[in-house]
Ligand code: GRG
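Given as structure tokens, the chain that follows is alone and in the form predicted on its own.
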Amino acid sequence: MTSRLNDRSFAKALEDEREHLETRCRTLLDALVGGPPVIQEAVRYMLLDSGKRLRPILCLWTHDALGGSNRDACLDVACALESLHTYSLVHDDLPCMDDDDLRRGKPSCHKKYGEAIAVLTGDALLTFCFDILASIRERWVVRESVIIETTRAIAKAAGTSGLIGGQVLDIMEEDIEHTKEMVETIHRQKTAALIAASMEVGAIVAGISNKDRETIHRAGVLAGRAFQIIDDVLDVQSDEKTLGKTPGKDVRDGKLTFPSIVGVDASKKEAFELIEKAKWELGAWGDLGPLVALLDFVVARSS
């Protein structure tokens, strides 16, 4: 399956979608986030004006590709996903985790606000995610079952069998086997679980069947694994300005990555094969246009 979008129209579609997300995130922050000025500032510093927004756009474009008609509710879900993802980055950068001073091209949260405020900022972003989900029906007409299923899918992806479990394995590199299978496990939990959930919740809001949701989820896992492999490759090959974070850090820290196990060329080949499998999973829906272009972007990106 291929996309009919050219590079220019795809880039314009991405930029337009990021602007929609930025506007909605600001609206939701104004409505739902209060408290001391420093925590409000730190949350906005991390959430706004930065990031690829891959997960929320996957959510939106899956919803659209499947014929969904509740885009306003889906846009709120997409903002919740981005808030949760940003929380994970804030905590990932902490000195007790990956200890990174740069994120999205600017000082990481603990470098700007201190470690204690950074911990609380991550907590606030995670809480904000579920506050958005819990309050969607105050803003839009959507079935309660959709909100429950969406919340459960996101919570499961973020939990101990997903993102948190993957992070645990990632920081235990000295105590785990350095094999391709272990790298795949870490990628599947730390990255692919939330990317798969992003596509799945777009499908949930679109109202598709449970069987079709499983197919969408499988495609998302494949895409998520490809995304993390390319992330590992870019850590080796890219520079700080392009990457927006410290390059080469995984190698210096002895992190278990795909290139460290199979090499850069084999890693790229694996990522492209995973994306082709993801697109094959989606083949039953025909030409999905922007969604397929976004999957291709996962492996073609340079940052």
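Start at 1 with the first residue shown and count on from there. All values reported here derive from a predicted model rather than from experimental measurement.
The form predicted together with this ligand exists for this protein as well; it is not shown, and the discussion that follows is about that form.
Just one listed stretch, out of 50-58, 261-269, 28-36, 274-282, contacts this ligand in the predicted complex at the 4.5 Å heavy atom level, and that stretch is 50-58. Think of it this way: in the predicted complex, this ligand has a heavy atom of just one of Ser83, Thr121, Thr150, Thr191 within 4.5 Å, and the residue is Thr191. Comment: this ligand is not present in this chain, but in the predicted complex one of Leu89, Ala206, Leu169, Ala73 has a heavy atom within 4.5 Å of it, namely Leu89. Put simply, Leu163 is close to this ligand in the predicted complex: some heavy atom of it is within 4.5 Å. Not displayed here, this ligand is approached by Arg104 to within 4.5 Å at the level of heavy atoms in the predicted complex.
Within this chain, Ala134 is remote from the site of this ligand in the predicted complex, having no heavy atom within 4.5 Å.
Within 4.5 Å of any heavy atom of this ligand in the predicted complex lies no heavy atom of Ala155.
Contacts between stretch 266-286 and this ligand, counted in the predicted complex as any heavy atom lying within 4.5 Å, involve no residue at all.
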